[in-house]
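One chain is shown next in C-alpha coordinates, namely the form predicted on its own.
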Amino acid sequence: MSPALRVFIEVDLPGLLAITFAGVACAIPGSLLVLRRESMTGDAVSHAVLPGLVGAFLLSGSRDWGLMLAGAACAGVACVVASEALRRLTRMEAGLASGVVFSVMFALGVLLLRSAEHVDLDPDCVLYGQVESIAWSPARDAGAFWTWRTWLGDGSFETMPRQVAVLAGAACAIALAVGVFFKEIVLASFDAGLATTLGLRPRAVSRGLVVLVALAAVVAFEAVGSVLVIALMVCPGATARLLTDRAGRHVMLSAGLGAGMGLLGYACGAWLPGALGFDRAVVVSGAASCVGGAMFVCALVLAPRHGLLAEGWRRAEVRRLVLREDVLGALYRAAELGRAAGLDAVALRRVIGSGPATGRALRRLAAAGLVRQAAGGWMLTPAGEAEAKGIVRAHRLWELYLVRELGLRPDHVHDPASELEHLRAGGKRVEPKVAGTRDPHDRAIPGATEEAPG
(Lines give C-alpha, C1' and ligand atoms only; values in the text may rest on other atoms or scores of the structure.)
Protein backbone atom coordinates (compact mmCIF):
# COMPACT_ATOMS: atom_id res chain seq x y z
CA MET A 1 0.00 0.00 0.00
CA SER A 2 1.52 3.32 -1.07
CA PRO A 3 2.12 6.04 1.55
CA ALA A 4 -0.31 8.43 -0.21
CA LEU A 5 -3.08 5.82 -0.26
CA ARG A 6 -2.32 4.97 3.35
CA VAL A 7 -2.70 8.62 4.39
CA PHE A 8 -5.96 8.91 2.45
CA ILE A 9 -7.43 5.82 4.10
CA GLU A 10 -6.41 6.84 7.61
CA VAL A 11 -7.12 10.59 7.43
CA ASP A 12 -9.62 11.36 4.69
CA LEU A 13 -11.66 8.21 4.00
CA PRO A 14 -13.45 8.09 7.39
CA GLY A 15 -14.50 11.73 7.15
CA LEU A 16 -15.61 11.30 3.53
CA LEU A 17 -17.72 8.27 4.41
CA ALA A 18 -19.18 9.96 7.49
CA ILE A 19 -20.26 13.13 5.71
CA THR A 20 -21.59 11.14 2.73
CA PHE A 21 -23.73 8.87 4.90
CA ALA A 22 -24.86 11.91 6.89
CA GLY A 23 -25.94 13.56 3.64
CA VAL A 24 -28.04 10.55 2.64
CA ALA A 25 -29.51 10.08 6.14
CA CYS A 26 -30.58 13.72 6.42
CA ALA A 27 -31.59 14.35 2.80
CA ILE A 28 -34.16 11.53 2.56
CA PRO A 29 -36.46 12.66 5.41
CA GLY A 30 -35.60 16.27 4.63
CA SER A 31 -36.90 15.84 1.07
CA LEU A 32 -40.23 14.64 2.46
CA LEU A 33 -40.37 17.67 4.75
CA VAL A 34 -39.81 19.91 1.72
CA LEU A 35 -42.69 18.23 -0.11
CA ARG A 36 -44.90 18.67 2.96
CA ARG A 37 -43.76 22.30 3.33
CA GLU A 38 -42.48 21.52 6.82
CA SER A 39 -38.75 22.13 6.40
CA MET A 40 -38.75 24.08 9.65
CA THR A 41 -39.27 20.76 11.46
CA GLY A 42 -35.80 19.57 10.48
CA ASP A 43 -34.33 22.87 11.64
CA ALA A 44 -36.18 22.57 14.93
CA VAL A 45 -35.10 18.99 15.63
CA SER A 46 -31.44 19.65 14.76
CA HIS A 47 -31.35 22.52 17.27
CA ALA A 48 -33.40 20.76 19.92
CA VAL A 49 -31.03 17.78 20.30
CA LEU A 50 -28.49 19.91 22.17
CA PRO A 51 -30.31 20.02 25.55
CA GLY A 52 -30.91 16.28 25.17
CA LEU A 53 -27.19 15.63 24.73
CA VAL A 54 -26.18 17.82 27.64
CA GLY A 55 -29.01 16.52 29.84
CA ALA A 56 -28.04 12.90 29.18
CA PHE A 57 -24.46 13.65 30.18
CA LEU A 58 -25.51 15.48 33.34
CA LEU A 59 -27.81 12.66 34.40
CA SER A 60 -25.48 9.78 33.61
CA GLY A 61 -22.08 11.41 34.04
CA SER A 62 -20.97 9.44 31.00
CA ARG A 63 -20.44 10.07 27.28
CA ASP A 64 -21.79 6.63 26.48
CA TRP A 65 -23.06 6.83 22.92
CA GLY A 66 -26.30 4.97 23.61
CA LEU A 67 -27.27 7.28 26.48
CA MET A 68 -26.41 10.40 24.49
CA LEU A 69 -28.44 9.13 21.54
CA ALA A 70 -31.41 8.40 23.77
CA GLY A 71 -31.26 11.88 25.33
CA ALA A 72 -31.00 13.60 21.98
CA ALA A 73 -33.84 11.55 20.52
CA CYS A 74 -36.10 12.37 23.47
CA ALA A 75 -35.33 16.07 23.05
CA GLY A 76 -36.06 15.94 19.31
CA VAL A 77 -39.40 14.22 19.79
CA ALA A 78 -40.28 16.59 22.65
CA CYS A 79 -39.57 19.55 20.37
CA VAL A 80 -41.97 18.29 17.71
CA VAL A 81 -44.68 17.40 20.23
CA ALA A 82 -44.37 20.83 21.88
CA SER A 83 -44.54 22.55 18.50
CA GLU A 84 -47.73 20.68 17.57
CA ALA A 85 -49.30 21.42 20.96
CA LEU A 86 -48.43 25.11 20.69
CA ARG A 87 -49.88 25.27 17.19
CA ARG A 88 -53.14 23.63 18.29
CA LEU A 89 -53.55 25.70 21.45
CA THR A 90 -52.73 29.09 19.95
CA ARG A 91 -53.65 28.49 16.27
CA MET A 92 -50.15 29.69 15.49
CA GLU A 93 -48.67 29.05 12.05
CA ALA A 94 -46.66 25.79 12.04
CA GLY A 95 -43.32 27.40 11.13
CA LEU A 96 -43.72 30.05 13.80
CA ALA A 97 -44.55 27.46 16.47
CA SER A 98 -41.48 25.39 15.54
CA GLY A 99 -39.30 28.49 15.58
CA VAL A 100 -40.43 29.43 19.08
CA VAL A 101 -39.87 25.95 20.50
CA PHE A 102 -36.49 25.19 18.94
CA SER A 103 -35.16 28.65 19.84
CA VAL A 104 -36.03 28.08 23.48
CA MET A 105 -34.66 24.53 23.53
CA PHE A 106 -31.42 25.47 21.79
CA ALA A 107 -30.94 28.37 24.21
CA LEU A 108 -31.55 25.96 27.09
CA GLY A 109 -28.91 23.61 25.70
CA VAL A 110 -26.36 26.41 25.36
CA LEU A 111 -27.15 27.58 28.90
CA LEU A 112 -26.61 24.08 30.29
CA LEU A 113 -23.43 23.70 28.27
CA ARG A 114 -21.98 26.99 29.52
CA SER A 115 -23.12 26.70 33.13
CA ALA A 116 -21.94 23.13 33.72
CA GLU A 117 -18.16 23.40 33.40
CA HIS A 118 -17.59 19.67 33.82
CA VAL A 119 -19.63 18.86 30.70
CA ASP A 120 -17.13 17.39 28.26
CA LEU A 121 -18.67 18.90 25.13
CA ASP A 122 -17.01 21.47 22.88
CA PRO A 123 -19.44 24.24 21.79
CA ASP A 124 -17.63 24.48 18.45
CA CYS A 125 -18.26 20.79 17.81
CA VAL A 126 -21.94 21.39 18.48
CA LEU A 127 -22.06 23.87 15.59
CA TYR A 128 -19.43 22.52 13.19
CA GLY A 129 -19.07 18.85 14.10
CA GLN A 130 -15.81 16.92 14.00
CA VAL A 131 -15.61 15.47 10.51
CA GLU A 132 -11.93 16.42 10.20
CA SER A 133 -11.00 14.59 13.41
CA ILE A 134 -12.46 11.21 12.46
CA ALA A 135 -9.44 8.95 11.84
CA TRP A 136 -8.83 5.26 11.29
CA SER A 137 -5.86 2.91 11.75
CA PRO A 138 -6.66 -0.28 9.83
CA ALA A 139 -4.29 -3.04 8.80
CA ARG A 140 -1.21 -1.70 7.05
CA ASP A 141 -0.74 -4.72 4.82
CA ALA A 142 -2.72 -4.42 1.57
CA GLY A 143 -3.69 -8.09 1.62
CA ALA A 144 -4.98 -7.92 5.17
CA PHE A 145 -6.74 -4.60 4.51
CA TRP A 146 -9.14 -6.06 1.95
CA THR A 147 -10.65 -8.62 4.31
CA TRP A 148 -13.77 -8.59 6.43
CA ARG A 149 -11.64 -8.39 9.59
CA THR A 150 -10.53 -4.89 8.66
CA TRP A 151 -14.09 -3.60 8.25
CA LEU A 152 -16.01 -5.60 10.84
CA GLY A 153 -13.15 -6.23 13.25
CA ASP A 154 -11.96 -9.30 15.11
CA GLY A 155 -9.72 -7.62 17.65
CA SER A 156 -6.63 -7.69 15.43
CA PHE A 157 -7.05 -4.20 13.95
CA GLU A 158 -8.96 -1.03 14.65
CA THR A 159 -12.41 -1.25 13.08
CA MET A 160 -14.11 1.47 11.09
CA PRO A 161 -14.80 4.50 13.36
CA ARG A 162 -18.08 4.36 15.26
CA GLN A 163 -19.44 7.54 13.66
CA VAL A 164 -19.12 6.04 10.18
CA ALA A 165 -20.76 2.77 11.17
CA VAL A 166 -23.64 4.50 12.96
CA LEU A 167 -24.28 6.92 10.08
CA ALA A 168 -24.16 4.09 7.53
CA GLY A 169 -26.64 2.06 9.57
CA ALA A 170 -28.94 5.07 10.03
CA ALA A 171 -28.85 5.92 6.32
CA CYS A 172 -29.77 2.34 5.38
CA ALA A 173 -32.53 2.16 8.01
CA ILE A 174 -34.05 5.49 6.94
CA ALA A 175 -33.90 4.57 3.24
CA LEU A 176 -35.51 1.19 3.99
CA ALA A 177 -38.28 2.71 6.11
CA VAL A 178 -39.12 5.37 3.50
CA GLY A 179 -39.04 2.79 0.72
CA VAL A 180 -41.38 0.42 2.53
CA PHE A 181 -43.89 3.08 3.60
CA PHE A 182 -43.45 5.48 0.69
CA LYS A 183 -47.01 5.20 -0.62
CA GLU A 184 -48.46 5.78 2.82
CA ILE A 185 -46.22 8.78 3.44
CA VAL A 186 -47.10 10.38 0.10
CA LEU A 187 -50.82 9.73 0.50
CA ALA A 188 -50.91 11.10 4.05
CA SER A 189 -48.88 14.13 2.99
CA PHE A 190 -50.91 15.17 -0.04
CA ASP A 191 -54.44 13.87 0.65
CA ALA A 192 -55.03 13.28 4.35
CA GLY A 193 -58.78 12.90 3.77
CA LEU A 194 -58.34 10.04 1.31
CA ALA A 195 -55.71 8.46 3.56
CA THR A 196 -58.19 8.46 6.46
CA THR A 197 -60.90 6.97 4.23
CA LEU A 198 -58.52 4.15 3.25
CA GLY A 199 -57.86 3.35 6.91
CA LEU A 200 -54.53 5.13 7.32
CA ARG A 201 -53.74 7.45 10.18
CA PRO A 202 -52.14 10.59 8.74
CA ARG A 203 -51.10 11.85 12.16
CA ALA A 204 -49.32 8.57 12.93
CA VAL A 205 -47.56 8.73 9.56
CA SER A 206 -46.48 12.28 10.34
CA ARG A 207 -45.16 11.20 13.73
CA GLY A 208 -43.25 8.38 12.09
CA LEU A 209 -41.66 10.83 9.68
CA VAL A 210 -40.69 13.02 12.61
CA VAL A 211 -39.00 10.01 14.24
CA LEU A 212 -36.94 9.51 11.06
CA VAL A 213 -36.02 13.20 11.09
CA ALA A 214 -35.01 12.98 14.74
CA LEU A 215 -32.94 9.84 14.07
CA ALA A 216 -31.11 11.49 11.17
CA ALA A 217 -30.47 14.68 13.13
CA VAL A 218 -29.24 12.83 16.22
CA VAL A 219 -26.82 10.46 14.50
CA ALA A 220 -25.44 13.22 12.25
CA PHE A 221 -25.20 15.84 14.99
CA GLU A 222 -22.00 14.50 16.53
CA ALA A 223 -20.13 14.07 13.26
CA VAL A 224 -21.17 17.10 11.20
CA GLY A 225 -22.70 19.56 13.69
CA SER A 226 -26.01 21.41 13.72
CA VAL A 227 -25.11 23.84 10.91
CA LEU A 228 -24.59 21.10 8.33
CA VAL A 229 -27.50 19.00 9.61
CA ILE A 230 -29.85 21.91 8.88
CA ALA A 231 -28.32 22.43 5.43
CA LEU A 232 -28.56 18.71 4.61
CA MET A 233 -32.20 18.65 5.70
CA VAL A 234 -33.18 21.52 3.40
CA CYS A 235 -30.77 22.12 0.50
CA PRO A 236 -30.93 18.72 -1.28
CA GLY A 237 -34.72 18.58 -1.05
CA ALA A 238 -35.15 22.18 -2.17
CA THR A 239 -32.76 21.63 -5.08
CA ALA A 240 -34.47 18.41 -6.14
CA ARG A 241 -37.84 20.17 -6.03
CA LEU A 242 -36.65 22.44 -8.83
CA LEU A 243 -35.50 19.48 -10.92
CA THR A 244 -38.44 17.08 -10.78
CA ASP A 245 -42.18 16.99 -10.08
CA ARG A 246 -42.40 13.27 -9.18
CA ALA A 247 -42.24 12.36 -5.51
CA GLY A 248 -40.24 9.15 -5.94
CA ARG A 249 -37.62 10.78 -8.13
CA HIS A 250 -37.54 13.72 -5.73
CA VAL A 251 -36.56 11.52 -2.79
CA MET A 252 -33.92 9.57 -4.75
CA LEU A 253 -32.49 12.71 -6.29
CA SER A 254 -32.36 14.34 -2.85
CA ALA A 255 -30.40 11.39 -1.49
CA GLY A 256 -27.91 11.68 -4.35
CA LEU A 257 -27.61 15.43 -3.91
CA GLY A 258 -27.08 14.97 -0.16
CA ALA A 259 -24.26 12.51 -0.80
CA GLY A 260 -22.76 14.80 -3.45
CA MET A 261 -23.06 17.76 -1.12
CA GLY A 262 -21.02 15.88 1.49
CA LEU A 263 -18.36 14.71 -0.96
CA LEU A 264 -17.90 18.09 -2.63
CA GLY A 265 -18.03 19.86 0.72
CA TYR A 266 -15.24 17.68 2.08
CA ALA A 267 -13.16 18.24 -1.05
CA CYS A 268 -13.68 22.01 -0.93
CA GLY A 269 -12.95 22.20 2.78
CA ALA A 270 -10.05 19.77 3.15
CA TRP A 271 -8.29 19.70 -0.24
CA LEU A 272 -9.18 22.78 -2.27
CA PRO A 273 -7.40 25.37 -0.03
CA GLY A 274 -4.14 23.42 -0.31
CA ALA A 275 -4.52 23.09 -4.07
CA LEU A 276 -4.96 26.87 -4.25
CA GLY A 277 -1.78 27.48 -2.25
CA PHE A 278 -3.25 28.18 1.20
CA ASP A 279 -1.59 26.57 4.20
CA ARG A 280 -4.86 25.97 6.09
CA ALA A 281 -8.01 24.03 5.37
CA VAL A 282 -11.46 25.40 6.12
CA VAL A 283 -14.25 23.93 8.22
CA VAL A 284 -15.69 21.04 6.24
CA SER A 285 -19.24 21.48 7.53
CA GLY A 286 -19.21 25.14 6.48
CA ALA A 287 -17.81 24.26 3.06
CA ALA A 288 -20.46 21.56 2.57
CA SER A 289 -23.22 24.00 3.55
CA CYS A 290 -21.91 26.49 0.98
CA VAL A 291 -21.84 23.72 -1.63
CA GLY A 292 -25.49 23.01 -0.83
CA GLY A 293 -26.34 26.67 -1.32
CA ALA A 294 -24.42 26.76 -4.59
CA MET A 295 -26.24 23.64 -5.82
CA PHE A 296 -29.58 25.27 -5.06
CA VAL A 297 -28.62 28.50 -6.85
CA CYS A 298 -27.48 26.55 -9.93
CA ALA A 299 -30.76 24.63 -10.00
CA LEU A 300 -32.72 27.84 -9.44
CA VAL A 301 -31.11 29.36 -12.52
CA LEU A 302 -30.61 26.34 -14.79
CA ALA A 303 -33.41 23.88 -13.97
CA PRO A 304 -35.02 22.81 -17.26
CA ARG A 305 -38.60 23.45 -16.15
CA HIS A 306 -38.63 25.53 -12.97
CA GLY A 307 -35.37 27.45 -13.40
CA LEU A 308 -35.22 31.19 -13.90
CA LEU A 309 -33.82 30.85 -17.43
CA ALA A 310 -36.53 28.39 -18.46
CA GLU A 311 -39.21 30.55 -16.86
CA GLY A 312 -37.84 33.63 -18.58
CA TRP A 313 -37.82 31.82 -21.92
CA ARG A 314 -41.44 30.69 -21.46
CA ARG A 315 -42.53 34.22 -20.60
CA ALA A 316 -40.73 35.56 -23.66
CA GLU A 317 -42.49 32.93 -25.78
CA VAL A 318 -45.85 34.00 -24.34
CA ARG A 319 -45.08 37.65 -25.09
CA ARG A 320 -44.13 36.75 -28.66
CA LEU A 321 -47.33 34.71 -29.08
CA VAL A 322 -49.49 37.52 -27.70
CA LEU A 323 -47.83 40.08 -29.97
CA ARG A 324 -48.21 37.79 -32.99
CA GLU A 325 -51.93 37.37 -32.31
CA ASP A 326 -52.37 41.08 -31.64
CA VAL A 327 -50.83 41.88 -35.04
CA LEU A 328 -53.07 39.38 -36.82
CA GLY A 329 -56.13 40.70 -35.01
CA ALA A 330 -55.28 44.31 -35.85
CA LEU A 331 -54.85 43.48 -39.55
CA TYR A 332 -58.18 41.61 -39.59
CA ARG A 333 -60.00 44.57 -38.01
CA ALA A 334 -58.35 46.92 -40.51
CA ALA A 335 -59.68 44.80 -43.36
CA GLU A 336 -63.13 44.86 -41.76
CA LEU A 337 -63.02 48.66 -41.76
CA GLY A 338 -62.28 48.69 -45.48
CA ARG A 339 -58.52 49.28 -45.38
CA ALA A 340 -57.79 46.88 -48.18
CA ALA A 341 -54.24 48.20 -48.54
CA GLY A 342 -53.40 47.03 -45.00
CA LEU A 343 -51.45 48.80 -42.27
CA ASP A 344 -47.83 49.83 -42.17
CA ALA A 345 -45.58 49.09 -39.18
CA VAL A 346 -46.01 52.58 -37.70
CA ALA A 347 -49.80 52.29 -37.74
CA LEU A 348 -49.61 48.80 -36.23
CA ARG A 349 -47.42 50.04 -33.38
CA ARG A 350 -49.93 52.79 -32.70
CA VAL A 351 -52.90 50.39 -32.70
CA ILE A 352 -51.23 47.64 -30.66
CA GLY A 353 -49.24 49.89 -28.36
CA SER A 354 -46.05 47.93 -28.96
CA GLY A 355 -42.54 49.07 -29.81
CA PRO A 356 -39.76 47.72 -32.04
CA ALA A 357 -40.91 44.15 -31.34
CA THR A 358 -43.75 44.72 -33.83
CA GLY A 359 -41.29 44.74 -36.72
CA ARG A 360 -39.78 41.44 -35.58
CA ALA A 361 -43.28 39.95 -35.22
CA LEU A 362 -44.15 41.02 -38.76
CA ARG A 363 -41.01 39.42 -40.15
CA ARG A 364 -41.76 36.14 -38.33
CA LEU A 365 -45.37 36.18 -39.54
CA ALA A 366 -44.20 36.84 -43.11
CA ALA A 367 -41.77 33.93 -42.86
CA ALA A 368 -44.66 31.74 -41.69
CA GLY A 369 -46.78 32.81 -44.66
CA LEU A 370 -49.44 34.53 -42.57
CA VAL A 371 -48.89 38.13 -43.75
CA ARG A 372 -47.43 39.79 -46.82
CA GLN A 373 -46.22 43.28 -47.56
CA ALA A 374 -48.03 45.31 -50.20
CA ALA A 375 -47.67 48.87 -51.44
CA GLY A 376 -49.92 50.26 -48.72
CA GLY A 377 -48.58 48.17 -45.84
CA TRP A 378 -48.97 44.71 -44.37
CA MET A 379 -51.91 42.48 -45.29
CA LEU A 380 -53.17 39.05 -44.24
CA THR A 381 -52.68 36.04 -46.47
CA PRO A 382 -55.53 33.50 -46.68
CA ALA A 383 -53.83 31.38 -44.02
CA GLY A 384 -53.32 34.46 -41.82
CA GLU A 385 -56.94 35.48 -42.29
CA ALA A 386 -58.14 32.05 -41.10
CA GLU A 387 -56.03 32.30 -37.94
CA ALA A 388 -56.99 35.94 -37.35
CA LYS A 389 -60.68 35.00 -37.50
CA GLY A 390 -60.20 32.68 -34.54
CA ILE A 391 -58.49 35.42 -32.55
CA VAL A 392 -61.14 38.06 -33.26
CA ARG A 393 -63.91 35.53 -32.67
CA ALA A 394 -62.53 34.68 -29.20
CA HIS A 395 -62.15 38.37 -28.35
CA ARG A 396 -65.73 39.27 -29.26
CA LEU A 397 -67.19 36.18 -27.58
CA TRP A 398 -65.37 37.12 -24.37
CA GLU A 399 -66.72 40.67 -24.63
CA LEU A 400 -70.24 39.30 -25.03
CA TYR A 401 -69.72 36.92 -22.10
CA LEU A 402 -68.41 39.64 -19.79
CA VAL A 403 -71.41 41.87 -20.54
CA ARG A 404 -74.06 39.17 -20.31
CA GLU A 405 -72.76 36.99 -17.50
CA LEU A 406 -70.79 39.41 -15.35
CA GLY A 407 -72.81 42.54 -16.03
CA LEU A 408 -69.87 44.71 -17.11
CA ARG A 409 -70.49 47.80 -19.18
CA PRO A 410 -69.66 47.44 -22.91
CA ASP A 411 -67.04 50.18 -22.71
CA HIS A 412 -65.23 48.28 -19.92
CA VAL A 413 -64.78 44.88 -21.57
CA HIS A 414 -62.19 45.48 -24.31
CA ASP A 415 -59.08 45.29 -22.11
CA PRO A 416 -60.01 42.12 -20.18
CA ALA A 417 -61.19 40.47 -23.43
CA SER A 418 -57.82 41.37 -25.00
CA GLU A 419 -56.15 39.22 -22.34
CA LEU A 420 -58.70 36.40 -22.32
CA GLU A 421 -58.54 35.96 -26.11
CA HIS A 422 -55.04 34.45 -25.78
CA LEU A 423 -56.10 31.71 -23.33
CA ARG A 424 -55.34 28.17 -24.45
CA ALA A 425 -56.00 24.74 -22.98
CA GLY A 426 -54.48 21.63 -24.47
CA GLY A 427 -53.19 23.67 -27.39
CA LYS A 428 -56.67 24.92 -28.31
CA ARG A 429 -58.03 28.41 -27.90
CA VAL A 430 -60.50 28.78 -25.02
CA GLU A 431 -63.85 30.31 -25.93
CA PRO A 432 -66.71 31.07 -23.53
CA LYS A 433 -70.03 29.28 -23.98
CA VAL A 434 -72.26 32.16 -25.00
CA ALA A 435 -74.80 32.47 -27.84
CA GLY A 436 -74.92 35.42 -30.19
CA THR A 437 -73.79 36.65 -33.56
CA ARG A 438 -72.74 40.19 -32.63
CA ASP A 439 -70.60 41.57 -29.81
CA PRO A 440 -71.70 44.35 -27.40
CA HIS A 441 -70.43 46.95 -29.90
CA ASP A 442 -72.64 45.48 -32.66
CA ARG A 443 -69.75 43.99 -34.58
CA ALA A 444 -70.14 40.61 -36.24
CA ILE A 445 -68.60 37.63 -34.43
CA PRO A 446 -66.84 35.47 -37.05
CA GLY A 447 -68.38 32.02 -37.27
CA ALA A 448 -70.83 32.62 -34.40
CA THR A 449 -74.41 31.31 -34.33
CA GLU A 450 -77.45 31.90 -32.16
CA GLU A 451 -76.85 28.53 -30.53
CA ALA A 452 -74.35 28.41 -27.70
CA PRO A 453 -71.29 26.39 -28.77
CA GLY A 454 -71.17 22.94 -27.25
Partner chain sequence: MDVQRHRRAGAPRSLDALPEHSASSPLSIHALTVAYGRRPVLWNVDYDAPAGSLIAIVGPNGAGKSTLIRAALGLLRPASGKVEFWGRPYGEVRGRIGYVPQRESVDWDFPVSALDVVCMGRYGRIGWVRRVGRAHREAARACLSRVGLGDLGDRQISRLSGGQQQRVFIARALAQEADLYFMDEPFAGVDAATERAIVDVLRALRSEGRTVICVHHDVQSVREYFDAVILLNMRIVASGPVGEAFTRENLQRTYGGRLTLLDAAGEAMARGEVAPRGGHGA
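Residue numbers count along the first chain shown, from 1. Keep in mind that this is a model prediction, so the values were computed, not measured. For clarity, a rigid core is taken as the largest C-alpha set superposing within 1.5 Å between two forms.
What follows is about the form predicted together with its partner chain, which we do not show.
Participant: With the partner left out here, if you bring back its partner chain in the model of the complex, are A347, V351 and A375 all within 4.5 Å of it by some heavy atom?
Facilitator: No residue of the spot touches its partner chain in the model of the complex.
Participant: Answer yes if any heavy atom of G199 is within 4.5 Å of a heavy atom of its partner chain in the model of the complex; otherwise answer no.
Facilitator: Output for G199 is yes: heavy atoms within 4.5 Å of its partner chain.
Participant: I'd like to check something about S189: if you look in the model of the complex, is any of its heavy atoms closer than or equal to 4.5 Å to a heavy atom of its partner chain?
Facilitator: It does: once its partner chain is placed as it appears in the model of the complex, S189 has a heavy atom within 4.5 Å of it.
Participant: Give a yes/no on whether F181 approaches its partner chain to within 4.5 Å in the model of the complex, heavy atoms considered.
Facilitator: Flag for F181 set to yes.
Participant: Check whether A275 has any heavy atom within 4.5 Å of a heavy atom of its partner chain in the model of the complex, and answer yes or no.
Facilitator: Close contact is absent here: in the model of the complex, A275 is far from its partner chain, nothing within 4.5 Å, heavy atoms only.
Participant: In terms of non-hydrogen atoms within 4.5 angstroms, which of the given stretches 210-218, 367-375, 327-335, 245-253 touches its partner chain in the model of the complex?
Facilitator: The contacting stretch is 245-253.
Participant: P382, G193, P304, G359: which sits within 4.5 Å of its partner chain in the model of the complex by any heavy atom?
Facilitator: None of the other options qualify; the answer is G193.
Participant: So which of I391, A417, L53, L35 gets a non-hydrogen atom within 4.5 Å of its partner chain in the model of the complex?
Facilitator: By the 4.5 Å criterion, the partner-contacting residue is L35.
Participant: Which of the residues spanning 361-396 lie within 4.5 Å of its partner chain in the model of the complex, based on heavy atoms?
Facilitator: Contacting residues: none.
Participant: Does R404 move its CA by 2 angstroms or more between the shown form and the other one when the core is aligned?
Facilitator: Shift of 2 Å or more: yes.
Participant: Quick one: core overlaid, is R314 moving 2 Å or more at the Cα between the shown form and the other one?
Facilitator: The answer is yes; the displacement is at least 2 Å.
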